[in-house]
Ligand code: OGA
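To begin, one chain is listed below as C-alpha coordinates, in the form predicted on its own.
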(Lines give C-alpha, C1' and ligand atoms only; values in the text may rest on other atoms or scores of the structure.)
Protein backbone atom coordinates (compact mmCIF):
# COMPACT_ATOMS: atom_id res chain seq x y z
CA UNK A 1 0.00 0.00 0.00
CA UNK A 2 1.32 3.46 -0.89
CA UNK A 3 1.48 6.22 1.67
CA UNK A 4 -1.57 8.45 1.97
CA UNK A 5 -2.07 11.63 4.03
CA UNK A 6 -5.62 11.93 5.41
CA UNK A 7 -6.26 15.30 7.12
CA UNK A 8 -8.57 15.41 10.12
CA UNK A 9 -11.64 17.63 10.10
CA UNK A 10 -9.84 20.05 12.45
CA UNK A 11 -7.43 22.88 11.52
CA UNK A 12 -4.51 20.61 12.37
CA UNK A 13 -3.70 16.92 12.32
CA UNK A 14 -3.52 14.18 9.69
CA UNK A 15 -3.40 10.39 9.61
CA UNK A 16 -0.55 8.83 7.66
CA UNK A 17 -1.87 5.62 6.12
CA UNK A 18 0.03 2.92 4.26
CA UNK A 19 3.26 3.13 6.31
CA UNK A 20 4.71 0.37 8.50
CA UNK A 21 7.09 1.94 11.01
CA UNK A 22 8.60 -1.44 11.88
CA UNK A 23 10.24 -1.36 8.44
CA UNK A 24 13.06 0.90 7.34
CA UNK A 25 11.74 4.01 5.59
CA UNK A 26 13.34 5.02 2.32
CA UNK A 27 14.34 8.67 1.94
CA UNK A 28 11.39 9.75 -0.29
CA UNK A 29 8.85 8.22 2.13
CA UNK A 30 10.48 9.84 5.13
CA UNK A 31 10.63 13.19 3.32
CA UNK A 32 6.87 12.95 2.62
CA UNK A 33 6.20 12.14 6.29
CA UNK A 34 8.32 15.08 7.41
CA UNK A 35 6.49 17.44 5.05
CA UNK A 36 3.15 16.30 6.49
CA UNK A 37 4.50 16.72 10.02
CA UNK A 38 5.56 20.30 9.32
CA UNK A 39 2.31 21.14 7.52
CA UNK A 40 -0.26 19.55 9.84
CA UNK A 41 1.48 19.90 13.22
CA UNK A 42 0.12 16.54 14.41
CA UNK A 43 0.42 13.29 12.44
CA UNK A 44 -0.45 9.75 13.49
CA UNK A 45 -0.05 6.19 12.23
CA UNK A 46 -2.65 3.56 13.19
CA UNK A 47 -2.09 -0.13 13.83
CA UNK A 48 1.67 -0.07 14.42
CA UNK A 49 3.77 -2.68 16.21
CA UNK A 50 7.24 -1.36 16.91
CA UNK A 51 10.08 -2.17 19.30
CA UNK A 52 11.72 0.43 21.54
CA UNK A 53 14.77 0.42 19.25
CA UNK A 54 12.55 1.08 16.22
CA UNK A 55 10.84 3.98 17.96
CA UNK A 56 14.19 5.50 18.89
CA UNK A 57 15.48 5.07 15.33
CA UNK A 58 12.36 6.68 13.84
CA UNK A 59 12.57 9.62 16.26
CA UNK A 60 16.24 10.18 15.42
CA UNK A 61 15.32 10.73 11.78
CA UNK A 62 13.80 14.04 12.96
CA UNK A 63 16.63 15.09 15.28
CA UNK A 64 18.81 13.99 18.15
CA UNK A 65 17.01 12.57 21.16
CA UNK A 66 16.19 15.08 23.90
CA UNK A 67 16.26 13.85 27.49
CA UNK A 68 14.19 15.29 30.35
CA UNK A 69 13.56 14.80 34.05
CA UNK A 70 10.91 12.12 33.52
CA UNK A 71 13.34 9.93 31.61
CA UNK A 72 15.81 10.13 34.46
CA UNK A 73 13.21 8.44 36.67
CA UNK A 74 11.17 6.21 34.35
CA UNK A 75 12.59 4.87 31.13
CA UNK A 76 12.52 1.60 29.20
CA UNK A 77 15.22 -0.79 30.34
CA UNK A 78 18.04 -0.66 27.83
CA UNK A 79 16.51 2.37 26.09
CA UNK A 80 16.99 5.46 28.28
CA UNK A 81 15.74 7.58 25.35
CA UNK A 82 12.17 6.36 25.99
CA UNK A 83 10.05 7.75 28.81
CA UNK A 84 7.34 5.42 30.13
CA UNK A 85 3.90 6.98 30.65
CA UNK A 86 1.70 4.67 32.69
CA UNK A 87 -0.76 4.47 35.58
CA UNK A 88 0.24 0.85 36.28
CA UNK A 89 1.97 0.00 39.55
CA UNK A 90 4.10 -3.03 40.37
CA UNK A 91 4.88 -3.93 43.94
CA UNK A 92 3.18 -0.76 45.08
CA UNK A 93 5.51 1.42 42.98
CA UNK A 94 4.67 3.33 39.77
CA UNK A 95 6.11 1.97 36.54
CA UNK A 96 5.94 5.29 34.71
CA UNK A 97 4.80 8.90 34.77
CA UNK A 98 1.21 8.80 35.99
CA UNK A 99 -0.27 12.30 35.65
CA UNK A 100 1.65 14.41 33.19
CA UNK A 101 0.56 17.21 30.91
CA UNK A 102 -2.92 17.84 32.32
CA UNK A 103 -2.73 21.57 31.55
CA UNK A 104 -2.16 23.12 28.15
CA UNK A 105 1.55 23.46 27.43
CA UNK A 106 4.42 23.14 24.98
CA UNK A 107 7.04 20.59 26.02
CA UNK A 108 10.12 21.89 27.81
CA UNK A 109 9.40 25.52 26.88
CA UNK A 110 11.44 26.48 29.95
CA UNK A 111 14.68 25.43 28.20
CA UNK A 112 16.87 27.57 25.94
CA UNK A 113 16.34 25.09 23.06
CA UNK A 114 12.86 23.56 23.39
CA UNK A 115 12.36 20.20 21.62
CA UNK A 116 11.29 20.03 18.00
CA UNK A 117 8.58 17.54 18.85
CA UNK A 118 7.47 14.40 20.63
CA UNK A 119 6.52 10.87 19.54
CA UNK A 120 4.01 8.80 21.55
CA UNK A 121 3.46 5.08 20.97
CA UNK A 122 0.25 3.73 22.52
CA UNK A 123 0.69 0.18 23.85
CA UNK A 124 -2.29 0.05 26.23
CA UNK A 125 -5.21 2.50 26.07
CA UNK A 126 -7.71 2.79 28.94
CA UNK A 127 -11.26 1.86 28.00
CA UNK A 128 -14.58 1.29 29.71
CA UNK A 129 -17.06 -1.09 28.09
CA UNK A 130 -15.53 -0.37 24.70
CA UNK A 131 -15.30 3.39 25.23
CA UNK A 132 -11.77 4.71 24.75
CA UNK A 133 -10.56 7.03 27.54
CA UNK A 134 -7.47 9.17 28.03
CA UNK A 135 -7.73 11.31 24.88
CA UNK A 136 -5.14 13.99 24.11
CA UNK A 137 -6.10 17.44 22.85
CA UNK A 138 -3.92 19.50 20.52
CA UNK A 139 -4.29 23.23 19.78
CA UNK A 140 -2.89 25.03 16.76
CA UNK A 141 -1.01 28.07 18.00
CA UNK A 142 -0.45 28.92 14.32
CA UNK A 143 -4.16 29.06 13.51
CA UNK A 144 -4.62 31.07 16.71
CA UNK A 145 -2.05 33.62 15.50
CA UNK A 146 -3.69 33.85 12.08
CA UNK A 147 -7.04 34.64 13.72
CA UNK A 148 -5.75 37.54 15.85
CA UNK A 149 -6.79 41.11 15.02
CA UNK A 150 -4.08 43.06 13.21
CA UNK A 151 -3.81 45.49 16.14
CA UNK A 152 -2.98 42.63 18.51
CA UNK A 153 -0.44 41.21 16.07
CA UNK A 154 1.33 44.57 15.93
CA UNK A 155 1.30 44.82 19.73
CA UNK A 156 2.90 41.37 20.11
CA UNK A 157 5.60 41.50 17.43
CA UNK A 158 9.03 41.73 19.02
CA UNK A 159 7.79 40.97 22.55
CA UNK A 160 9.50 38.29 24.62
CA UNK A 161 8.02 36.27 27.45
CA UNK A 162 9.79 34.90 30.53
CA UNK A 163 9.53 31.11 30.91
CA UNK A 164 10.25 29.68 34.35
CA UNK A 165 10.70 25.98 35.16
CA UNK A 166 9.20 26.65 38.60
CA UNK A 167 5.97 28.12 37.23
CA UNK A 168 4.01 24.96 36.53
CA UNK A 169 2.90 22.30 38.99
CA UNK A 170 4.47 19.08 37.71
CA UNK A 171 3.64 15.39 37.90
CA UNK A 172 6.60 15.05 40.26
CA UNK A 173 8.31 17.58 42.49
CA UNK A 174 11.58 18.75 40.90
CA UNK A 175 14.75 18.60 42.91
CA UNK A 176 16.81 21.68 43.68
CA UNK A 177 19.46 20.40 41.26
CA UNK A 178 16.85 20.25 38.48
CA UNK A 179 15.68 23.77 39.32
CA UNK A 180 19.25 25.05 39.24
CA UNK A 181 19.78 23.29 35.89
CA UNK A 182 16.84 25.17 34.34
CA UNK A 183 17.09 28.91 35.05
CA UNK A 184 14.43 31.25 33.59
CA UNK A 185 14.69 31.90 29.84
CA UNK A 186 13.13 34.38 27.40
CA UNK A 187 11.46 33.41 24.14
CA UNK A 188 9.59 35.45 21.50
CA UNK A 189 5.82 35.47 21.97
CA UNK A 190 5.46 35.39 18.19
CA UNK A 191 7.51 32.42 17.10
CA UNK A 192 8.38 31.43 13.51
CA UNK A 193 8.46 27.77 12.50
CA UNK A 194 12.03 26.98 11.38
CA UNK A 195 10.94 24.86 8.38
CA UNK A 196 7.73 26.44 7.10
CA UNK A 197 8.18 30.04 8.21
CA UNK A 198 4.66 30.01 9.63
CA UNK A 199 4.10 32.27 12.63
CA UNK A 200 2.49 31.08 15.85
CA UNK A 201 1.83 32.19 19.41
CA UNK A 202 4.32 30.85 21.92
CA UNK A 203 2.76 31.64 25.28
CA UNK A 204 0.96 29.61 27.92
CA UNK A 205 -0.24 29.82 31.50
CA UNK A 206 2.04 28.82 34.39
CA UNK A 207 5.20 28.39 32.28
CA UNK A 208 5.06 32.05 31.22
CA UNK A 209 5.64 34.18 34.29
CA UNK A 210 6.11 37.60 32.72
CA UNK A 211 6.66 39.70 29.60
CA UNK A 212 9.70 41.91 29.11
CA UNK A 213 8.93 45.62 29.44
CA UNK A 214 5.46 45.06 30.88
CA UNK A 215 4.14 45.50 34.40
CA UNK A 216 3.33 42.17 36.13
CA UNK A 217 -0.46 42.71 36.27
CA UNK A 218 -0.63 43.76 32.63
CA UNK A 219 1.57 40.84 31.57
CA UNK A 220 -0.51 38.34 33.54
CA UNK A 221 -3.70 39.55 31.88
CA UNK A 222 -2.19 39.36 28.40
CA UNK A 223 -0.76 35.87 28.99
CA UNK A 224 -4.18 34.66 30.20
CA UNK A 225 -5.99 36.19 27.22
CA UNK A 226 -3.60 34.68 24.68
CA UNK A 227 -3.56 31.30 26.42
CA UNK A 228 -7.37 31.17 26.31
CA UNK A 229 -7.39 32.25 22.67
CA UNK A 230 -4.98 29.49 21.58
CA UNK A 231 -7.19 26.71 22.97
CA UNK A 232 -10.52 27.87 21.56
CA UNK A 233 -12.49 24.90 20.13
CA UNK A 234 -11.96 26.16 16.56
CA UNK A 235 -8.22 25.54 16.90
CA UNK A 236 -8.33 22.13 18.66
CA UNK A 237 -8.01 18.52 17.49
CA UNK A 238 -8.88 15.82 20.04
CA UNK A 239 -7.19 12.48 19.42
CA UNK A 240 -8.96 9.31 20.51
CA UNK A 241 -6.23 6.75 21.08
CA UNK A 242 -6.18 3.17 19.86
CA UNK A 243 -3.57 0.55 20.80
CA UNK A 244 -0.86 0.64 18.15
CA UNK A 245 -1.13 4.38 17.48
CA UNK A 246 2.11 6.24 16.89
CA UNK A 247 1.44 9.97 17.10
CA UNK A 248 3.81 12.91 16.93
CA UNK A 249 3.34 16.63 17.32
CA UNK A 250 5.26 19.75 16.42
CA UNK A 251 6.34 21.55 19.56
CA UNK A 252 6.54 25.00 17.96
CA UNK A 253 3.08 25.46 16.43
CA UNK A 254 1.14 23.03 18.63
CA UNK A 255 0.21 22.94 22.32
CA UNK A 256 -1.36 19.92 23.99
CA UNK A 257 -2.92 18.51 27.14
CA UNK A 258 -3.78 15.02 28.39
CA UNK A 259 -7.35 14.20 29.43
CA UNK A 260 -7.23 12.38 32.77
CA UNK A 261 -10.66 10.72 32.73
CA UNK A 262 -9.57 7.23 33.78
CA UNK A 263 -8.06 5.32 36.67
CA UNK A 264 -7.27 1.74 37.55
CA UNK A 265 -8.39 -0.85 36.61
CA UNK A 266 -8.28 0.97 33.25
CA UNK A 267 -4.63 0.66 32.22
CA UNK A 268 -2.60 3.10 30.18
CA UNK A 269 0.89 2.45 28.83
CA UNK A 270 2.71 4.64 26.33
CA UNK A 271 6.31 5.11 25.25
CA UNK A 272 7.47 8.67 24.61
CA UNK A 273 10.50 9.94 22.73
CA UNK A 274 11.44 13.56 22.15
CA UNK A 275 13.69 15.07 19.50
CA UNK A 276 15.87 18.11 20.05
CA UNK A 277 15.05 21.51 18.59
CA UNK A 278 16.46 24.99 18.03
CA UNK A 279 16.50 28.32 19.83
CA UNK A 280 13.07 29.90 19.19
CA UNK A 281 13.05 32.78 16.72
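Computed from a prediction, not measured in an experiment: that's the story for all the values here. Positions refer to the first chain, counted from 1.
This protein has a second form, the form predicted together with this ligand, left out of what is shown; the following refers to that one.
Engineer: Thinking of 85, 101 and 120 as one candidate spot, does this ligand come within 4.5 Å of a heavy atom in every one of them in the predicted bound form?
Structural biologist: Yes, the whole candidate spot contacts this ligand.
Engineer: Only one of 21, 258, 10, 16 has a non-hydrogen atom within 4.5 angstroms of this ligand in the predicted bound form; which is it?
Structural biologist: The residue from 21, 258, 10, 16 that makes the contact is 258.
Engineer: Let me know the one among 206, 81, 127, 107 whose heavy atoms come within 4.5 Å of this ligand in the predicted bound form, would you?
Structural biologist: If I apply the 4.5 Å criterion carefully, the residue I get is 107.
Engineer: Any idea which of 109-117, 93-101, 146-154, 192-200 reaches within 4.5 Å of this ligand in the predicted bound form, heavy atoms considered?
Structural biologist: Result for this chain: 93-101.
Engineer: Would residue 40 show up as a contact with this ligand in the predicted bound form if we use heavy atoms at 4.5 Å?
Structural biologist: No, residue 40 stays farther than 4.5 Å from this ligand in the predicted bound form.
Engineer: Does residue 58 reach this ligand in the predicted bound form, with heavy atoms at most 4.5 Å apart?
Structural biologist: Although this ligand is absent here, residue 58 would stay clear of it in the predicted bound form, with no heavy atoms inside 4.5 Å.
Engineer: Given that this ligand is not shown alongside this chain, does residue 249 nevertheless sit within 4.5 Å of it in the predicted bound form, heavy atom to heavy atom?
Structural biologist: Output for residue 249 is yes: heavy atoms within 4.5 Å of this ligand.
Engineer: Residue 75: heavy atom within 4.5 Å of this ligand in the predicted bound form?
Structural biologist: No, residue 75 is distant from the partner.
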